[in-house]
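Taking the form predicted on its own, here's one chain by itself in structure tokens.
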């Protein structure tokens, strides 16, 4: 986790010649402070927003000419430093977002990397297709999802998004574009997906969507009196679930350690929804601007500030668990978008954490050791008086990608509020958590990381895997043009 950096003097930006500075500005390069999504760190860089492959190639040419590195940025939803590049160029792909081809009969879509998950599902849902993997926010981009090989609440059943990508076009730092499939340029296919943007820039991605016969899901909510009960519920429900996710109370202790609530969801079979044309309408999926038609969602984060502290958190979690317990077993039919995109339910909710922002720590641990390891992690955070403000449990399966975080096991995502007073305490605590995870055979996830060290990355990925990735990078990016703060922090130095 890095300290925030705010101005050119603090950052020590390279002193470019007047001519090169003018060149950067001529191509609409803008010097900006680029934040991590969690707001706990940021870095100053020259930001470019290309709209096509010609402009993308021009930026790579500028990087070679100015001797500046390039970091790729999609929706900017990585919690840490994976999507900014201090002292260099940041390629923001949000305007590179067209749908290039769509087949409503087969559900195969080809799109540019800046297309968001929100834009994706809005384009396809009325034809009866939904993203095969959906993140907790719909603001992630297709390119960012591929680069981080994101997972959803159905990871145990369908794997990460890479398992549904049929092919992609990748622009190398040389400006050359190559097409990659499982049987063509397969080494790059399995390394660029999950390769956090260090081998090239996606220029198009072809994805197989999921056929759905209703815009609704059958959702069941169940209370879990402690973490052991939640694991038992997961094991019992997995065979009959399309989605499964658990909320974990990070402050409950003793006999209630890890208590919380599970949500199980299933697709409706064909013919069950009597009015699929209505439930699949875009208007019937979106969250809307108000709660109960009265309270604007845009102001809710201000009220949440009362609970984003250790005392308020206890009250909020106690109330949430009490409601969960009282309504355990309740069943509803919920639109896909409302079930999936809880992080979008309250706009700007992260502002409630204050100016220091937040980080997320998400370990992935094999199924046989996950329960005990997660209990130890929760007890450790409580011992340090640094409880997680949000805990989310998911089940996963292995995948074939080179730099994978996937395994046959579970993940527990933990949000931590950052303040000037606790920043170093959290760093010290995370060092302890790292050892718990490694001792349990666990792995980590770059999209959520702010604290990973080279030694920890080598311990879970293996020296051979990292060497293989560096070999590919040397072959396709010999001048190391593609860099981010994450890359330099964790992987750049052997």
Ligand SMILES: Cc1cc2nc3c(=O)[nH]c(=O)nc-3n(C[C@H](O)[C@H](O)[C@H](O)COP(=O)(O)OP(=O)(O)OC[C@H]3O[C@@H](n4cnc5c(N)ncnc54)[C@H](O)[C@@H]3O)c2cc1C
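Only a predicted model underlies this, so the values are computations on that prediction, with no experimental measurement involved. Numbering follows the first chain given and starts at 1.
The same protein has a further form, the form predicted in complex with the named molecule, not shown here; the description that follows concerns it.
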* Sort through 263, 210, 259, 394 and report the residue having a heavy atom within 4.5 Å of the named molecule in the predicted bound form. => 394
* Asked: Counting only non-hydrogen atoms and a 4.5 angstroms cut-off, does residue 40 reach the named molecule in the predicted bound form?
  -> no
* To do: Look up in the predicted bound form whether residue 447 has a non-hydrogen atom within 4.5 angstroms of the named molecule, and give yes or no.
  => yes
* **in the predicted bound form, residue 324 touching the named molecule (heavy atom, 4.5 Å)** => no
* Do residue 417 and the named molecule come within 4.5 Å of each other in the predicted bound form, heavy atoms counted? -> no
* To do: Report yes if all three of 156, 231 and 430 come within 4.5 Å of the named molecule in the predicted bound form by some heavy atom, otherwise no.
  => no
* To do: Just one of 135-143, 119-127, 278-286, 172-180 has residues with a heavy atom within 4.5 Å of the named molecule in the predicted bound form, so point it out.
  => 135-143
* Asked: Going by the named molecule in the predicted bound form, which residues of 51-82 come within 4.5 Å of it through any heavy atom?
  -> 72, 73, 74, 75, 76, 77, 78, 79, 82
